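Take a look at this single chain in structure tokens; it is the form predicted alone.
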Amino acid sequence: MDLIQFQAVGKDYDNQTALRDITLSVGKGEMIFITGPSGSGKTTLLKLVYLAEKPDRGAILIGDVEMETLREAQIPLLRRTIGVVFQDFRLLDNKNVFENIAIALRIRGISEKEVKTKVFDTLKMVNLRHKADAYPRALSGGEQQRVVISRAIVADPTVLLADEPTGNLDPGTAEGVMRIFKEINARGTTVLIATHNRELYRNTGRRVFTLDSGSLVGEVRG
């Protein structure tokens, strides 16, 4: 069953084409990789899934909902089903690790008891339970990345998007981050990872979509 569908999708910025006639589908529970050089359209594609941007042409469906038909008031509700691991972390420096993650639950009106349980369960999953009271500036890059992943998955999203999630990490830390993504995927979350790092998808058996200058130029198994 397809969870995400792009049908002849195009996106322009200032008269420059960022994505050109993209048609692809991602199955429910699948983990896929999107690769290509810088400027090929990887980040734009993820932004379209997250509704941070709207397509100029074509149609995007998540489940049986066509994005074009969504009212503005419905967008925040859809976004709650999508976890995002940003390239630049976007952690709040004035809040500790626990508070950074808890925000994703509190905006949903979840009880403090459940917030505490979910945050600590998620931190345990990424091996950061002992850093709950630490502030982002006291963490290494790899630890900050794991906090970002915790924040993205704490509300049990249907879809997880990751934009160059290992771009600033050493190979050993990157490997640990990928293990977390595989575990999240094994629990049923659909995962889309944008990366230029071939080592992340080599010998994984996962589908890899290659973008170049905004066009989808290939699909292979990693």
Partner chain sequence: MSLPYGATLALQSLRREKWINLISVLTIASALLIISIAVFVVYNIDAATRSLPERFSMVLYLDDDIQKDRVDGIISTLRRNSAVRSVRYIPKDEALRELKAVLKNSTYVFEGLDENPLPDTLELKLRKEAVGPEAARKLSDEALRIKGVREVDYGEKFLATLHSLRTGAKTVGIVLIVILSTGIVFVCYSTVKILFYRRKDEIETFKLLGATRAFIRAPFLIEGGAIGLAGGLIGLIGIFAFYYAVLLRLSVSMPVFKAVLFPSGLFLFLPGVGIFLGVTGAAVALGRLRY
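If you're wondering where the values come from, they're calculated on a predicted model, not measured in any experiment. Positions refer to the first chain, counted from 1.
Same protein, other form: the form predicted together with the partner chain, not shown, and the subject of what follows.
Put simply, G141 is far from the partner chain in the predicted bound form: not one heavy atom of it is within 4.5 Å. Looking at R146, you'd find every heavy atom of it more than 4.5 angstroms from the partner chain in the predicted bound form. The partner chain in the predicted bound form comes within 4.5 Å of no heavy atom belonging to N127. In the predicted bound form, K116 stays away from the partner chain, with no heavy atom inside 4.5 Å.
Here the chain stands alone, but in the predicted bound form its contact with the partner chain, taken as any heavy atom within 4.5 Å, falls in 46 to 54 among 46 to 54, 157 to 165, 188 to 196, 172 to 180. Contact annotation for 68 to 107: residues with any non-hydrogen atom within 4.5 angstroms of the partner chain in the predicted bound form are P76, R79, R80, F86, R90, L92, N94, K95, E99, I103, R106, I107, listed in sequence order.
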